[in-house]
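In structure tokens, one chain follows: the form predicted on its own.
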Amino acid sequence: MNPTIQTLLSHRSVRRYTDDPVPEEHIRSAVEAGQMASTSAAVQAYCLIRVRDPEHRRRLVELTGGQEKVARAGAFFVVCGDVRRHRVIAQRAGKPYRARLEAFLVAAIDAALFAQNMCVALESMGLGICYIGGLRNRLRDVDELLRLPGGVYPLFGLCVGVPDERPAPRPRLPVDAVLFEGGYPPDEVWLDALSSYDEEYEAYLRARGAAPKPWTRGIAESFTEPARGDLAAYYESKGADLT
């Protein structure tokens, strides 16, 4: 097993950090590594906002649903899709900017690929990371706090720091439940692969002191109501055309 695969397989979401700062050279190196991720037609439709102000970090704890690690991690970032630079460049050149849903998807995909490359780089340096999807709980408030212009779409937060814990890895679906040959198989094929995974996942939750629950039951309960129903309206207010 080569070191890259070992780093990937060693991933854990770290939620407790020491007070040690994250070296600036580590951050810049990780950002450079992130930028080497694939990007559609080289549009590079993302940006990374580092939040340093302690008051802003405390406010973001509130906006992300009380996640204290947002304030306590050595560094906190907001990962954004960014089409503003494309709009400004087009305007400067006297060209129309007529992107629609495809442009928003490209920005979201580009930003996710950039962030994951960056996180793998940080983990290879011995740092811990945790993505913060709770940033989308109250995006209009996040927008106001960060003074975001049109064309910049905050997607998720990112905690980075020196780990103060070594959590067990959260088990993933078996390969046979995600790797298919030639097309999508009959449902019973991948459903059969989930029975042992349910047992493994339940044991993982029990070991970490959480209420044990099979993975499939958790999934069945997760989507009974839509989450964050105002996202489309928010992103449209920032200039995204989702049609």
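The structure displayed is predicted, hence computed values, not measured ones. One rule holds for the numbers: they count along the sequence shown, beginning at 1.
Just so you know, the form predicted together with a small molecule exists too; it's not on screen, but the next bit is about it.
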query: Heavy atom of R12 within 4.5 Å of the small molecule in the predicted bound form; finding: yes
query: Heavy atom of R170 within 4.5 Å of the small molecule in the predicted bound form; finding: yes
query: 4.5 Å heavy atom contact, H56 to the small molecule in the predicted bound form; finding: no
query: 4.5 Å heavy atom contact, G74 and the small molecule in the predicted bound form; finding: no
query: Interface segment, criterion being heavy atoms within 4.5 Å of the small molecule in the predicted bound form, picked from 83 to 91, 98 to 106, 146 to 154, 133 to 141; finding: 133 to 141
